[in-house]
Ligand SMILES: O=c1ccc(O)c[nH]1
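As structure tokens, one chain now follows by itself in the form predicted alone.
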Amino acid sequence: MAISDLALIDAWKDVLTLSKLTAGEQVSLLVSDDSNPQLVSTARIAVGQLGGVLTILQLPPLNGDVALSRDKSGYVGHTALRGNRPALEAMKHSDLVIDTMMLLFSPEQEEILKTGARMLLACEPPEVMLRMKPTLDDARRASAGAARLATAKTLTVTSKAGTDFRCAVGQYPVLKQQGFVDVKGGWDHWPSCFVATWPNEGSCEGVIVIDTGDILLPFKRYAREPIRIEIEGGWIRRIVGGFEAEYLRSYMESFNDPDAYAMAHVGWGLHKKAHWTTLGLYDREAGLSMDARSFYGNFLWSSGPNTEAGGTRDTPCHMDIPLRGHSLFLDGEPMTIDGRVIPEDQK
């Protein structure tokens, strides 16, 4: 359902205010051919009304000839910033970068963040952005979860469907997404609210069962039958099941990259306005499906790159798989039980 420009301008102003945009700050707005035009036009107005000094960088699309999906997360890390020094330098001299193209997992993004620029990714359909507009309460829940995750040594996950997974944590930083970016050199994603981290290298062991109705991204589809993921020494060793498992295996094999099978971030969703059901209600090409990644109480695990955490795996194959009905424990303390968030400070 369409929303008005006025409503989206007001939402931008709220999020940019939470992101501590002040008059006179340098703002780069990064767009490409597939950026949502309403997001771009309303962001321009909102930045101007808040007194930001705006530069718009229009870059060409990339990866269309190698990606198997039109989804922005279907082929990650390789962007039109590679070799484009003028555009890169402009963003490195910005106070805030608004990314509607998706630089995530790219070395250029890390180079920009190291200068102290704040970066906000915004790629979802406008009506999703408005419904899931971040609040200070979202930030409170995410901060509480991130603080607990930062002190943990072990993470274990079980489910009635058969998941029995464990890993050590602490080697890599905690990923907190709250929907706005308010720290120098920080990165965030509107809309989003979840916490995660990358397991210690080689520590992941066990089985993850993707049950009927769980979500496969970037496929943007609900699983129609169980898929059994067998993990040893931090790597996916076997993908077992029927057609769904064959489909997943074939997709990952197409990248011809061993790093595609590495376990990446693991965590849980904390957004109360995100919904498991919305994947079936939107055009699959319209956005990144942040409802699926963020819905309250999910177990979100991923595979592939870890450059975002400072690692070396720069594979373009990145799977995000949010699961329902799982129980996640940190050092034996429950964060979720059967998909219900347990700690009071995360409610």
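The first residue of the shown sequence is 1; numbering continues from there. Just so it is clear, the structure is predicted and the values come from calculations on it, not from any experiment.
One more form of this protein should be noted, the form predicted in complex with the ligand, which is absent from this view; the next part is about it.
Novice: Heavy atom within 4.5 Å of the ligand in the model of the complex: which of 118, 220, 176, 265?
Specialist: The residue in contact is 265.
Novice: Which residue, 187, 165, 276, 261, is the contact with the ligand in the model of the complex, using a 4.5 Å heavy atom cutoff?
Specialist: None of the other options qualify; the answer is 187.
Novice: Taking 194, 290 and 320 as a possible spot, do all three reach the ligand in the model of the complex with a heavy atom inside 4.5 Å?
Specialist: The answer is yes; 194, 290 and 320 each reach the ligand.
Novice: Would you please decide whether residue 104 lies within 4.5 angstroms of the ligand in the model of the complex, comparing each non-hydrogen atom pair?
Specialist: Because a heavy atom of residue 104 falls inside 4.5 Å of the ligand in the model of the complex, the answer is yes.
Novice: I need the one stretch from 26-34, 47-55, 290-298, 276-284 whose residues put non-hydrogen atoms within 4.5 angstroms of the ligand in the model of the complex.
Specialist: Looking at the other structure, the answer is 290-298.
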